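A single chain comes next, written as structure tokens; it is the form predicted alone.
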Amino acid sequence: MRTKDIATALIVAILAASFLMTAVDLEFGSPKNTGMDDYMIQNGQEMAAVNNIVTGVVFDFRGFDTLGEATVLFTAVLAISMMFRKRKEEDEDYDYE
């Protein structure tokens, strides 16, 4: 096994462990009640001019946030696909005896 493969596996293992530790520490089931929730429920329909408040929040108030999340996901998928494509080209150049 090459040093580069070992380093890649080590980095992936460290990232996976850090994501897992973060997920274990998250609280589920009882989100904190903030004043923003009540405000959006009472005024969101009028502010966004939509019948469904969820649609209004997602598209009118969180549109840029959703666009940013989609950009991050697209970039990650692109980077991973480029990483595997490069590895495949390296394997094709390898001279098997």
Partner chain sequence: MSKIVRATANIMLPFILVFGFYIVIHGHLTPGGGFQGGAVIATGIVLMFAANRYSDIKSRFTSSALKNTETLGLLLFIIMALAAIIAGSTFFYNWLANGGFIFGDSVTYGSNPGFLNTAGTIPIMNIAVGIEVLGAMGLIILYMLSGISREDA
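Owing to the predicted nature of the structure, the values given are computational and were not obtained by experimental measurement. Numbering follows the first chain given and starts at 1.
Form predicted together with its partner chain: not shown, discussed below.
Among heavy atoms of residue 36, none comes within 4.5 Å of its partner chain in the predicted bound form. When contacts are judged by a 4.5 Å heavy atom cut-off, residue 28 does not count as touching its partner chain in the predicted bound form. Shown alone here, residue 84 lies within 4.5 Å of its partner chain in the predicted bound form, counting heavy atoms only. None of the heavy atoms of residue 19 is located within 4.5 Å of its partner chain in the predicted bound form. Contact annotation for 33-68: residues with any non-hydrogen atom within 4.5 angstroms of its partner chain in the predicted bound form are 41, 42, 45, 46, 47, 48, 49, 50, 51, 52, 55, 56, 59, 60, 63, 64, 66, 67, listed in sequence order.
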